[in-house]
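This document starts with one chain, in the form predicted on its own, laid out as structure tokens.
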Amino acid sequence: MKALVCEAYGPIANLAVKDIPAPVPGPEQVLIEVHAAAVNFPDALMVQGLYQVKPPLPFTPGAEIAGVVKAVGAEVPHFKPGDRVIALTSTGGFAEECLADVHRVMPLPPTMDFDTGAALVLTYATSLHALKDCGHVQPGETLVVLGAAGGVGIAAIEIGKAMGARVIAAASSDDKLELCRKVGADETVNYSTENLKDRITELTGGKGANVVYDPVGGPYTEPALRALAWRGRLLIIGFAAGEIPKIPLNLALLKERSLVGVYWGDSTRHDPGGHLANLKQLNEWFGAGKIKPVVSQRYPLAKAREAVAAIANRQVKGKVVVAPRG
């Protein structure tokens, strides 16, 4: 079968599509014919050796897929060949076939297509865990979303609105902010042309925001923190800007602000029941039309390397998927 292969940690340009042996499921694994695999920022970090998890080489990136079950292991009772499924895989997704542990496979809802299924779980589950479990967002609070036109950003806008928050979307260009307004943002800030702290302060009538959702880091974290209200919460999702900011801790002290780390992957192991409840909530919101992943572009497997480069260079709006089967 064909797969995108990383043979050594380094530049994304070194990735190549190659023929590799088809995987065989172990006792508690499911073999899936991949119809869509979402591209996420950790994929780009992982192949460069910059992520906290470093898979053994060589490996195929891609952690979030949707497709059709081809075969199951001897101890898999609930899935059978032909079932349409979503799976989280850590690696292996940018390939024609992929293995997934059975406990990380779920049915694809009948009304959901493969692209949407592949784009749903990681970004939306991350954002729901962040806003509900870590940020404790309440109806009527003001939520600021940085990097708001990216995959997790769009998810945070939609989930924030579903939770009853007023959402201020912050992004780096007017066309990205237009997308944010289309998915429900109440107000927008272009932090390439506007002062982020001053604009948030202005939009909140001087009170400051209650919660900041920050997947960007770099130069944007500190001004957003300074724009938080009394007992505001800064949710630390990631560092897409490439720089881990150094924060003066007196900014937390002054207004009893909280800096809250969000690590959704580990949270699913510490609280599997809460994870399942969040997935149920996402399915309900999807059915009600309150959330819907924005898939802006599909790449064939032959151009999967370009898809990874696009997300690394922050050129993506919403989500992009690799379609190994066309």
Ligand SMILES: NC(=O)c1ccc[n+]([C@@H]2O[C@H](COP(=O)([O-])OP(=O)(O)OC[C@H]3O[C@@H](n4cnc5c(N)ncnc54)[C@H](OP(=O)(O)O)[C@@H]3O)[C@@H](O)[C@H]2O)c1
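Everything numeric in this text was worked out from a predicted model, so none of it was measured. For every residue, the number given is its place in the sequence shown, counted from 1.
If you look for the form predicted together with this ligand, you will not find it shown, but the lines that follow are about it.
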May I ask you to choose, among 240, 137, 225, 196, the residue with a heavy atom within 4.5 Å of this ligand in the predicted bound form? 240
Contact residue in the predicted bound form, chosen from 221, 126, 116, 142 - any heavy atom within 4.5 Å of this ligand: 126
This ligand contact in the predicted bound form: residue 172, any heavy atom under 4.5 Å: yes
Using heavy atoms and a 4.5 Å limit, would one call residue 150 a contact residue for this ligand in the predicted bound form? yes
Report yes if any heavy atom of residue 216 sits within 4.5 Å of a heavy atom of this ligand in the predicted bound form; otherwise report no. yes
Answer for residue 318 alone: is it within 4.5 Å of this ligand in the predicted bound form, judged on heavy atom distances? yes
Which of 282-290, 33-41, 296-304, 66-74 has heavy atoms within 4.5 Å of this ligand in the predicted bound form? 33-41
